[in-house]
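Okay, so here's just one chain, in structure tokens, the form predicted on its own.
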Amino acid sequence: MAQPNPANWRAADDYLAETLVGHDPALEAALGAQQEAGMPAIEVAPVSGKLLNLLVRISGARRVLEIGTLGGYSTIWMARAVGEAGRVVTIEAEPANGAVARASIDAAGVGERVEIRIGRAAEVLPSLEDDEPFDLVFIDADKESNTLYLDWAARLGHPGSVVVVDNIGRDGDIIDPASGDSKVVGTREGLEMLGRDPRFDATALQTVGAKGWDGVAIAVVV
């Protein structure tokens, strides 16, 4: 029996990715460009990218909002899922990251479906109020601002909109109410908001894999 340790978590993730996701030159090139640019390896794992793609397709989302572009890896997954008439608006705080993402998204053949907005999400989100509502919102940015992002997800969505929050596991530290880690505090506050805010109906899953002990929250706007 395999032992529950990080090496085997990663091996199992690699097996699942090989079996269910496979190799994709455009996505692998996007990761390569991200690494070459010196960005941190904090993009979603391949199996999580495929999950985002499936959630967009299952929900029938045609307008997707992403908070936290990084190198565009998850953006490509979702842009493929919205279809030719769909659109992904993705927000990235760092202009250099946005430039790398733009090149990778264009190279993947989905550039016309993606708008990258450069700036701090707290400042960009109000500019989207006059747009059509979003069908799915993916939150993968600074954890300290999760409650802010969730509030905007509800305001910019509609009843039935799907909201996905990444990195909710924090190596299990979410069980510590006394944690001084701002990322843990922000994650706990976001989860507690999902539990008490009547605008959401939510659950969360802890995961182990290539990204260690982590997890994802999934909600619907009610």
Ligand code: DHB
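Every value quoted in this text rests on a predicted model; they were computed, and no experiment measured them. Note that residue numbering begins at 1 and tracks the sequence as displayed.
Same protein, other form: the form predicted together with the named molecule, not shown, and the subject of what follows.
In the model of the complex, no heavy atom of D135 sits within 4.5 Å of the named molecule. Residue contact check for R62: none of its heavy atoms lie within 4.5 Å of the named molecule in the model of the complex. In the model of the complex, the named molecule lies farther than 4.5 Å from every heavy atom of K50. Among residues of the shown chain, N167 is one whose heavy atoms approach the named molecule to within 4.5 Å in the model of the complex. Within 4.5 Å of the named molecule in the model of the complex, a heavy atom is found for every one of D140, K143 and K211. Contact with the named molecule, judged by heavy atoms within 4.5 Å in the model of the complex, is confined among 52-60, 151-159, 26-34, 167-175 to 167-175. Along 5-35, not one residue places a heavy atom within 4.5 Å of the named molecule in the model of the complex.
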